[in-house]
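One chain follows as structure tokens, the form predicted on its own.
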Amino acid sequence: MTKSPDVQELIVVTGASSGIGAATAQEMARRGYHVLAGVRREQDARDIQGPNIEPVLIDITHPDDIAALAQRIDTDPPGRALRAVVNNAGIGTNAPVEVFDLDAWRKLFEVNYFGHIAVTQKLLPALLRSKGRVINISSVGGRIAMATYGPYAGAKFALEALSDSLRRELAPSGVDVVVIEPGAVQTKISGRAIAVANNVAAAMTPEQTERYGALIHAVTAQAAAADKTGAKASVAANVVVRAITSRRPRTRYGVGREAALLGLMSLLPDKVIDWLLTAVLRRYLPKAGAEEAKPLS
């Protein structure tokens, strides 16, 4: 449904520099909404700017940036309501729990969890006025956590719980809360996660390398393969758009083959799931030798 210019509604999308965020911003703009596209760099702002897309420089871990975004919305012309906030910003990593530095854990949760809470809290007054929507971009990793996905999946599990609680709190006020759970999607976050995994592996002790070297190799190889065959960002964006524009949105939307399998796997005993996930990685394990056991670059 295309909006006429005089009743154009606002959409906020964080993490709009690439991937699902950029594709969502572009599709909502094409449909006639005015999109405030959150990015962290000037170059990204220049790249995303276009008809109906207004770049906003924001780091969701900085309260002043979030306050400026809220002020921008509050000073908008009368009649332009905030239709939806898409909490999409995020960073990825693959690392065993034992070797991932605690400060890195905190940074990941600041971006992938606490930052979304901060944005949602600050923009809720506008959403309550308009009876808008909160769209939280989670992951299939928010339901099932593979080995080395502890940091990333931990934040996504927390986001899933937050979304359930928030949905139940806001239902009487007419604000919908929707979770999007992508599987493998062709975005830059996968490549960045592989790079982090390689950095973590390079800093491991010999004993830790013996425990986790082959595992990290398998996980990064599997992630690289999945990235090549994953859904395009535009496919995921179309699901987000459906969640924003549907008259009666579902509470959760899956994206990709992994999301389709998730419902079936979640019915199985934990030990069976463990076996299945191990079997998936087995084909990516190095054959032999220390050199082959190194993670992919």
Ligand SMILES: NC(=O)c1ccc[n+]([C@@H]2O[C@H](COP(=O)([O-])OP(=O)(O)OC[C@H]3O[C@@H](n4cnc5c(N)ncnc54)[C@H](OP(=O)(O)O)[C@@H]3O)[C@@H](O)[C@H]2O)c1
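As the structure is a prediction and not an experimental result, all values here were calculated from the model. Numbers follow the displayed sequence, beginning with 1.
Although not depicted, the form predicted in complex with the named molecule is the subject of the following passage.
Interface residue among 153, 124, 215, 184 relative to the named molecule in the model of the complex, by the heavy atom within 4.5 Å criterion: 184. Residue contact check for residue 246: none of its heavy atoms lie within 4.5 Å of the named molecule in the model of the complex.
Residue contact check for residue 85: none of its heavy atoms lie within 4.5 Å of the named molecule in the model of the complex. The named molecule in the model of the complex is approached by residue 59, whose closest heavy atom lies within 4.5 angstroms of it. Contact check for residue 220: every heavy atom lies farther than 4.5 Å from the named molecule in the model of the complex. The partner is not drawn, yet in the model of the complex one stretch among 246-254, 66-74, 39-47, 264-272 has residues with heavy atoms inside 4.5 Å of the named molecule: 39-47. Taken together, the three residues 20, 89 and 139 all come within 4.5 Å of the named molecule in the model of the complex, as judged by their closest heavy atom.
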